[in-house]
Structures are given as structure tokens and as C-alpha cells.
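So this first bit is one chain, no partners, the form predicted on its own, shown in C-alpha cells.
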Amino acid sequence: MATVKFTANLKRFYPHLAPQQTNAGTVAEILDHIEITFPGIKDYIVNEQGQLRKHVNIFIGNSLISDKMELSDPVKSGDEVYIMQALSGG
């Protein structure tokens, strides 16, 4: 199973958000999995076309995913996936 971890700023909207275990084979499948547990969370991660939002990054291990349009990057058992919202401001 892969482990999905989130930045703390998503806990503002989902206070019970915790690392998730999944057998998903792609990043898109991971998002579908966490949407079941935390309805509406995908809206913070992907846009209306299902593409990664500009202020969000997803890493598999230490590598940034390469497919931000279809989220087809493969995920295998033992991987750690990090979903991070970028912080901005002045």
C-alpha cells in the first residue's frame, strides 16, 4: 500500500485529515480514494477539468509528479505521496 500525506493547511478545512493508506495505482486514483473519505477535498487539489491546480504540488517520494494534466503518474506499494498546497502572500 502507498501512504498519502497532506500539508497541515488542508486541515483547516478537514480537521480529521490524516495520512491515508491506498492500493491506488495512479495519482488520479489516489484522489478518487481520498475523495470518498473526505468529500470535496478534490476541489482544493484539481480544477474543473481534473488538472492539478497551480498552487498544489504532489510528490511521490522526493519527485514531483510529471503529469499535472491527467495525473497518470504511477504509484506503487511502499511509496509515500505528499499533497502540498503552496503558500503565498507578501
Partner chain sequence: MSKETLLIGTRKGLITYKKSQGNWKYQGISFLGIPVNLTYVDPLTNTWWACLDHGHWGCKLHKSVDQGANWEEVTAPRYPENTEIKNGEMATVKYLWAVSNGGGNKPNELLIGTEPGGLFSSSDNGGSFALNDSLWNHPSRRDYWFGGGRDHAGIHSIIVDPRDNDHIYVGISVAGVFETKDGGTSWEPKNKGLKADFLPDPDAEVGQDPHLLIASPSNPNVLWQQNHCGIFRSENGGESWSDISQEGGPAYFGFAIAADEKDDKTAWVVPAVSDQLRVAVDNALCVCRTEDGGNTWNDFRNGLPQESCFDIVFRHALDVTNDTLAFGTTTGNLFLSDDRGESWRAISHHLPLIYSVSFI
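Residue numbers count along the first chain shown, from 1. Keep in mind that this is a model prediction, so the values were computed, not measured.
Form predicted together with the partner chain: not shown, discussed below.
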property: The unique member of Ile60, Ile34, Ala28, Val56 whose heavy atoms fall within 4.5 Å of the partner chain in the predicted complex; result: Val56
property: Contact label in the predicted complex: Ala86 to the partner chain, heavy atom within 4.5 Å; result: yes
property: 4.5 Å heavy atom contact, Asn23 to the partner chain in the predicted complex; result: no
property: Any non-hydrogen atom of Phe38 within 4.5 angstroms of the partner chain in the predicted complex; result: no
property: Lys76 within 4.5 Å of the partner chain in the predicted complex, heavy atoms; result: no
property: Neighbours of the partner chain in the predicted complex among 1-31 [non-hydrogen atom within 4.5 angstroms]; result: Thr7, Asn9, Leu10, Arg12, Phe13
